[in-house]
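Encoded as structure tokens, the following chain is the form predicted on its own, with no partner shown.
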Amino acid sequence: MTNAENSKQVELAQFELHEHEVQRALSRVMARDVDYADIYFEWRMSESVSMEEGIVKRAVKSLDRGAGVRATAGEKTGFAYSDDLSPRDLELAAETARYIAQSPRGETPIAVTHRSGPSHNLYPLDTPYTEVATKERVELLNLIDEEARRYDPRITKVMASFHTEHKVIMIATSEGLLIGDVQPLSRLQVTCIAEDGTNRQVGSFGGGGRIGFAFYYEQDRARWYAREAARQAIVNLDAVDAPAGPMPVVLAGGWPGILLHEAVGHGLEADFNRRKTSAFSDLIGQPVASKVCTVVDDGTLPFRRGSLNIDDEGTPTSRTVLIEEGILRGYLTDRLNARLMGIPLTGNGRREDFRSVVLPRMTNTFMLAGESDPEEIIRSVKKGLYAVSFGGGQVDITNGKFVFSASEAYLIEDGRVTRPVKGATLIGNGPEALKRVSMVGHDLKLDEGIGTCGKDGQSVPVGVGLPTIRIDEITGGGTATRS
């Protein structure tokens, strides 16, 4: 028996199913008016421990499993799910999906172009999280609590949480594909509160990915997370009010790539473009950014939070060039939108869980490194803002307008980073902001592995990244300058 065949048998056993039961359920979906059908099986063990003030406040362990059945006919999708994997319930879900999808077909479906590539093995782990005891998790949080308080006596409150999941998925399709994957994931988050008299500020930091438990002890990472959260809170104690109005802005590398993800990335997902609701619709081959900007989505980076061996339709993930030297080159696709648009399948079909429908979603989205020195970029700004980290943000996909709040930012005065600022927001338009990027640093950095992306009520883990970049003009929200 080959490794692939053995893997399939293990996954079938995980769901207490036999292959003939899966094929029988699939046969219930297929009918004359159904183009394609698949069944997505999921088994997920999640564990979460949180600590506040040195006391474990919450420890939760949960197990969830089920299957989602999909049928597509033209542009119409029928979907049903069951958390009972008995043959009868599986067949009932299949029949429901078929009934929803069946309808007269309008256009002849366009064949999907598959991108070929080697099989991935992006996150091999020696020890699964299911074998990490709660005691070990608590010890990790205790270490963080002690390190953060040691940083500065003005740190008055420390909150830390550690979340892991061990997920097994299997996809069976009407085209004869039966494929599965085991997907580990973890995230460690630290929040510190600093107080100085009546001044109270917050700092937050963390990291994770599809990595083993030992990762957090390697290179003293857990302690570093604690110190960074504490440092940010202390820095913000001395922050002055942020200026308002149009100004040059320098974005630091790493997590500030969340602005790229929200303001640009969502607009490059295929469903919005098929429906003509994106600011990037019908712009393939046209300039949408300055020539120094190249943006990619890459789901093949080892151990990264947004990476996957296969997407939730069984397609291997890939590296997709979205914008190349300012020119729009492509969109992120799932099977349905790739077929209907007649464009390549990129391996970006994702869902929150078996209860959710597949949507085209980002994996790890980032701008490639340029040629400028990061210090040179800062020196080029006489008066502006240097944004190091972001909190929340909002974007309107239809026009690309966004608003983001900076959790750590500084003034740039005469080419030097000076005072920290608070209350800084960036207001702009994604495509217009990209066109105003004049300098891109050679210091590409990916985020630490904390990103979660929301779309249509579904959340999935993602990664972002950015080198240091200069945006010549963007509107900052803060305190207006008096004339």
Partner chain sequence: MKTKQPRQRSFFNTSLMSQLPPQTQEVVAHVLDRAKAHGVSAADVLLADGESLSVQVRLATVDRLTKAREKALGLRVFFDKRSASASTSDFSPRSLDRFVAETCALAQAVAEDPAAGLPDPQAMAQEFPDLDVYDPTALTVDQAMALAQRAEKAALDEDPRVTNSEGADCSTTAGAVVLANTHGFLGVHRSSRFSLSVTPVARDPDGSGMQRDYWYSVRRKFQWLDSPEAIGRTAAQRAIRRLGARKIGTQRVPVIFDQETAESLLGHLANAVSGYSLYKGASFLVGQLGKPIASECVSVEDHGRLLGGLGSRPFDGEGLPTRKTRVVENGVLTSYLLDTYSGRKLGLPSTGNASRGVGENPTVAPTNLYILPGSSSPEEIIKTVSHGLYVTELIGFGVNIVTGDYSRGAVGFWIENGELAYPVEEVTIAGNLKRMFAEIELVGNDLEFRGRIASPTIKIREMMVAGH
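What you see is a predicted model; the values in this text were computed from it and never measured. Residue numbers count along the first chain shown, from 1.
What follows is about the form predicted in complex with its partner chain, which we do not show.
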For this session: May I ask whether Leu143, Thr418 and Pro431 all come within 4.5 angstroms of its partner chain in the predicted bound form, judged by heavy atoms?
Result: no
Exercise. In terms of non-hydrogen atoms within 4.5 angstroms, which of the given stretches 363 to 371, 288 to 296, 317 to 325, 390 to 398 touches its partner chain in the predicted bound form?
Worked result: 390 to 398
Problem set entry | Residue contact check: Tyr99 to its partner chain in the predicted bound form, 4.5 Å heavy atom | yes
Exercise. Using heavy atoms and a 4.5 Å limit, would one call Lys76 a contact residue for its partner chain in the predicted bound form?
Worked result: yes
Exercise. Using 4.5 Å between non-hydrogen atoms, is Tyr216 touching its partner chain in the predicted bound form?
Worked result: no
Exercise. Is there any non-hydrogen atom of Lys445 lying within 4.5 Å of its partner chain in the predicted bound form?
Worked result: no
For this session: Could you check which residue among Leu260, Ile412, Ala80, Ile377 gets a heavy atom within 4.5 Å of its partner chain in the predicted bound form?
Result: Ala80
For this session: Let me know the one among Ile234, Ala244, Val182, Met341 whose heavy atoms come within 4.5 Å of its partner chain in the predicted bound form, would you?
Result: Ala244
Exercise. Listed by sequence position, which residues of 123 to 140 have a non-hydrogen atom within 4.5 angstroms of its partner chain in the predicted bound form?
Worked result: Thr134, Lys135, Val138
